[in-house]
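Okay, so here's just one chain, in structure tokens, the form predicted on its own.
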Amino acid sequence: MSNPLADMAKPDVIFCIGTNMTECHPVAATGLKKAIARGASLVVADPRRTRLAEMADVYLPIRVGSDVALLLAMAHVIEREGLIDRAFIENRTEGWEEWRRHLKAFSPEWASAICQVPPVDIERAALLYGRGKPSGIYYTLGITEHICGVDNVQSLCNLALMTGNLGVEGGGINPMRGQNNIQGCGDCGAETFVFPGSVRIDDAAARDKFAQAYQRPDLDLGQPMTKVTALQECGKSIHAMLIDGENTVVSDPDRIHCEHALKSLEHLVVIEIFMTETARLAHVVLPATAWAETEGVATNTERRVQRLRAAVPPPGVAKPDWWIISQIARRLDVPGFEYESAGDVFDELCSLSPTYGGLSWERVSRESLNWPVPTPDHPGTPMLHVGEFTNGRGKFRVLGYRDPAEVIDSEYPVWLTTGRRLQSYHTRTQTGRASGIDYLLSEESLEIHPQDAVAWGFRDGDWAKVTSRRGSVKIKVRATERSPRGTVFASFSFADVPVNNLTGSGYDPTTHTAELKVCAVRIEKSSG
């Protein structure tokens, strides 16, 4: 996030797109509700009529996968109406004139045909966002899980740049992270093309620095591939894999392909707290400690680095993830893993990462700061981009709309979009074992608009067979106006309703993020 969570209560206008914050981030979203109670305006763009959409001043039920078209049209209106921040553009950006000329072709009328929302509503949304002082943008996986996920994010950046809504209190571009420490994982270099601190591995000076720190003068950078590529290479160039804390089989797209890939490995090791569907495929399962049993550090969605303290001892032989990985490395005679505590691991990270340079185990044990924290006396950086951008000037990206990887046709005439529900967390590895939560949500269902349900011959509770080009699932029907006509919704939480049998039509070419939010399906009656 460019701005701290506290800023959620401060915007004049809040623009939420591709996010179901009140269900997926219910605690953080209380700030948003405070802003609305104070009088802030809310614009929501989402194919589903979520509870957040019901609070909006302008709700845009756009067709799945049409975000770029909407954002181009909003930029068109903002430029046409002179709602740009000219001083910000001149002093802090580059590429404006090319972007301004590019926008001329993308009117609300043009976007309306793609997004399937009235042009007047696109105008209203653009005028609200453009006039807000400040306006803040919030998004989640509804923006990134597309073949054009990078284009979607860059389109939002263009809006913020042209209106000067960066580096200001209550503004910014704010992706809400889907898990509690996913930001921290990225900071540690979990992405294969960067070292800790997001330093690229093709930086020769950085490579020398890390080779020395890791006691590996011949540091092998391996193959900087994404998980998508790694799964494709299982049984070919990859013969062994270690999966730590992820139920890949249930959460990833195209489950049939995923299971086949993991079964193709000669050796699969899974580090987990429960025997998940993925762990059942492993040759070795190593029991890890859970959150309340672990000493460590987590970095949350607002870049706040937080010390975690164990509250209870771990059961049986469960060990912290860092200890398990260190022991594997030692047995492989890999130097540099002589850690004695989680503090040793964190202090090494701080010594190597520029954004963590002013932190230490001792400091994080008494303070909780937002990175970057470059020096020991630095107070942290709750808000990014104040007065300047780290890399110079903000760049407008000229881009256009493209269809999803898969569009509806006569064989697969219905859009499917997937997501999460308030009552369950991710693949229910943890929440699925709590009887109280099971009382609130005991099974998955397919949300169908009531008029579609009638037209397709379904009643509430009927069984449907949903089929895509990759597979089928059987699932109970629930008629609800949350889903628009022609679009159905289901979560991927339940392993016995493997919705990700259906997904996996395409991937963003830059990030390899799967297009989990768009899938063409057909729906038929089933006997259950």
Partner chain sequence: MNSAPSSVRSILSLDGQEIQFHDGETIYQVARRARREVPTLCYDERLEAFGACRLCVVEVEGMRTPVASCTTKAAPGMKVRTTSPSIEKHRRTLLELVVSENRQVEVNPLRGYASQELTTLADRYRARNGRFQGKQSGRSHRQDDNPFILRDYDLCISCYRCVRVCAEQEGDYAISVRNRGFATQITTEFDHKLKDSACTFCGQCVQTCPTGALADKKAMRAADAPGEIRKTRTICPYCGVGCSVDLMTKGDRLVGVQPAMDGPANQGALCIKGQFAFDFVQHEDRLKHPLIRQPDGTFKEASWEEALDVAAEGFRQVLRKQGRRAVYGIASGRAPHEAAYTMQKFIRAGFGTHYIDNCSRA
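Residue numbers count along the first chain shown, from 1. Being a predicted model, the structure only gives us computed values, none of them experimental.
What follows is about the form predicted in complex with the partner chain, which we do not show.
For the partner chain in the predicted bound form, the listed stretch (378-386, 405-413, 193-201, 72-80) containing residues with heavy atoms inside 4.5 Å is 193-201.
Though the partner chain is absent from this view, in the predicted bound form it lies within 4.5 Å of a heavy atom of just one residue from Leu156, Ala279, Ile143, Ile448, which is Ala279. Of the candidates Thr431, Thr355, Ser360, Gln116, Thr431 is the one whose heavy atoms come within 4.5 Å of the partner chain in the predicted bound form; the others do not.
Within this chain, Gly184 lines the site of the partner chain in the predicted bound form, having a heavy atom no more than 4.5 Å away.
With a 4.5 Å cutoff on heavy atoms, Val454 does not count as touching the partner chain in the predicted bound form; it lies far away. The partner chain is not drawn, but in the predicted bound form it has no heavy atom within 4.5 Å of Ser135.
Using a 4.5 Å cutoff between non-hydrogen atoms, Ile243 counts as a contact of the partner chain in the predicted bound form. Contacts between 5-37 and the partner chain, taken as any heavy atom within 4.5 Å in the predicted bound form, involve Leu5, Glu23, Cys24, His25, Pro26, Val27, Ala28, Thr30, Lys33, Lys34.
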